[in-house]
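Next comes just one chain, in structure tokens: the form predicted alone.
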């Protein structure tokens, strides 16, 4: 079996195209289900907070791979719409933590089945073993890049 030369396959391009398809499908799903009042990125913030409420804006930015000004703008919009609230951290009053409001939790409850549908679609035709292998390999790629470039996501 011939060894694959790392320059034969553009993994970055494959990942970028996959992320683009994922984003387009997410935005289309929101539009189909009447969620014009929120963007895919904003739903992403709410879904992250539904898993771990009380994150710092910087943590949310790192998870989503967005810069802080972008996240701040999205959080401002979500707060104005009443989906989230910001509270000062007890240990450092200069830092704000972000929490879901009851209205935000309702939006997450509505969006979760849509996310589950996306999960079913993305793994279609794959065995459990293939899914676990894919996730394991992507984590390994991310870890390699983080170590090589001293990045901590």
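Just so we're on the same page, rigid core means the largest C-alpha set that superposes within 1.5 Å between forms. Worth saying up front: this structure is predicted, and the values here are computed from it rather than measured. Numbering follows the first chain given and starts at 1.
The protein also exists as the form predicted in complex with the DNA; that form is not presented, and the subsequent description refers to it.
Heavy atoms of every residue among 31, 77 and 95 are located within 4.5 Å of the DNA in the predicted complex. With a 4.5 Å cutoff on heavy atoms, residue 67 counts as touching the DNA in the predicted complex. In the predicted complex, residue 58 approaches the DNA with a heavy atom inside 4.5 Å. Using a 4.5 angstroms limit between non-hydrogen atoms, residue 86 touches the DNA in the predicted complex.
Taking the partner from the other structure, the DNA in the predicted complex has a heavy atom within 4.5 Å of a heavy atom of residue 23. Partner contacts here mean any heavy atom within 4.5 Å of the DNA in the predicted complex, and among 100 to 108, 86 to 94, 115 to 123, 46 to 54 they occur only in 86 to 94. Along 33 to 47, a non-hydrogen atom within 4.5 Å of the DNA in the predicted complex is carried by 39, 41, 42, in order along the sequence. With the core held fixed, residue 64 shows a CA shift of 2 Å or greater between the shown form and the other one.
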